[in-house]
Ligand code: NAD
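Next comes just one chain, in structure tokens: the form predicted alone.
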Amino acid sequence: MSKNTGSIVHESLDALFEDSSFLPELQNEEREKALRSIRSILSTPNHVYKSFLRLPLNNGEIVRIPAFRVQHNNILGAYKGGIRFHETVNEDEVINLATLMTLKNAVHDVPFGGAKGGVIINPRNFENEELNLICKKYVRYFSDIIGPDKDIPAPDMGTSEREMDWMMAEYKSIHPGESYLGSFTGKSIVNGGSLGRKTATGKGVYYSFRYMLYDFLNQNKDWLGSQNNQYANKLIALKNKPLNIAIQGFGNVGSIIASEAFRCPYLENKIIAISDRNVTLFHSDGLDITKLINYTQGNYGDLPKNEKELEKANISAKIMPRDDLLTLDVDVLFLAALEDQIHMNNMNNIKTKVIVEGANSPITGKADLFLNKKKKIIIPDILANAGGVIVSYFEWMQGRDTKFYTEDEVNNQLFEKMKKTFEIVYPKYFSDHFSLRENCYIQAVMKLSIVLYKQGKLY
């Protein structure tokens, strides 16, 4: 996984300590004491809950499945974060992801705190009836700590609107007569979900790149050219050529990124490679994304794996090993699969000029440092993949008011919300020595620190 979240907080505060505009009310020894308090508060979660869900299987066996809910910090609002169903889930991972949710909400000015949940299972190994019971048990075991004004879960890896519908129904049963629409987000539309929520993360990921290369560059070309900054020079050079794009992951996030890039009227994009858990598909002249999306929708989400399946899908492509996509010589690489995909063993072979993180922590800490020294432009997860939580916030608000937005209204509000963040962090990135990831962390920690101080939490 990427850099430890405790280190993120410490390094961000070290950078802010020398900034005279940051909490100017605090000076000398008082300032040092306050920053030590902030380090302690933001480096540790408020609560870590763990339980074992007792599950009778359809074959007659009884199993006990480890489950977690971590609540990191709620200074900005109710705890908020997804529930992950995956066999690699562990307590440290969930704590780390909950902390990152706190920082993500802070940098995008979303009035939620950070939380995360996890269940150690491979969902593919369970029948639907068993998964339904796992969802119900999760809500029962953690019913006292979740709720519309306490902690609001959402989908994550291995979960979807189906699981959120099941969980909300169980919450409603446990809390009769209480408000329940805002207890979970990422629900189906018929159950109070928001239009645009399913595509929000993928749309936001692509928008973070498009805004940098098209909107931001066009608005600031003269200023960027005067910076004598290697990142700025690389961005300007990319603007003047057709872009070869590779996308790792073709699920809910990756396929939406592909669709957005394929249809983008502002940039000349050519998607030459995509991959999923089985295979990489490559075509130097560009892949037909519409046909590939249609194929995956009828084949359990999988891309064509052999020549017979390619022929069936009427798609021209070269079949390559799954991980070969990462080291292709492309202009832009979108990472929309799992954590730790670029690491010490392959970082020397990364040829792309721009990396956009659609997944959480797809680049390890050491690889991130290495790639930044190589002047790769990296749009980090905390900035790029916040579309899901932003539209979850919109869904939560719609559930409270029982007044629902159109999909266009949701998308426009999403882009406006992300744009405000870009307008703060992109200029700093192209004018100082911090990476874009570091700038985002500094901005988030600054926001949290000021609120902690204003609320009297540092005494």
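Just so it is clear, the structure is predicted and the values come from calculations on it, not from any experiment. Residue numbers run from 1 along the displayed sequence.
One more form of this protein should be noted, the form predicted together with the ligand, which is absent from this view; the next part is about it.
A.B. asks: Work out which of S275, S194, S208, N96 lies within 4.5 Å of the ligand in the predicted complex, going by heavy atoms.
C.D. replies: Result of the distance check: S275.
A.B. asks: Of N132, N252, S173, S188, which one comes within 4.5 Å of the ligand in the predicted complex, counting heavy atoms only?
C.D. replies: By the 4.5 Å criterion, the partner-contacting residue is N252.
A.B. asks: What stretch, of 163-171, 358-366, 67-75, 217-225, brings heavy atoms to within 4.5 Å of the ligand in the predicted complex?
C.D. replies: Residues of 358-366 come within 4.5 Å of the partner.
A.B. asks: Is K203 close to the ligand in the predicted complex, meaning a heavy atom pair under 4.5 Å apart or at it?
C.D. replies: K203 lies outside the contact set for the ligand.
A.B. asks: Please run the contact check for D156 against the ligand in the predicted complex: heavy atoms, 4.5 angstroms, yes or no?
C.D. replies: Close contact exists here: in the predicted complex, D156 approaches the ligand to within 4.5 Å, heavy atoms only.
A.B. asks: Report yes if any heavy atom of L338 sits within 4.5 Å of a heavy atom of the ligand in the predicted complex; otherwise report no.
C.D. replies: Within the cut-off, so yes.
A.B. asks: Are any of the heavy atoms in K270 no more than 4.5 Å from a heavy atom of the ligand in the predicted complex?
C.D. replies: Residue-level check for K270: no, no contact with the ligand.
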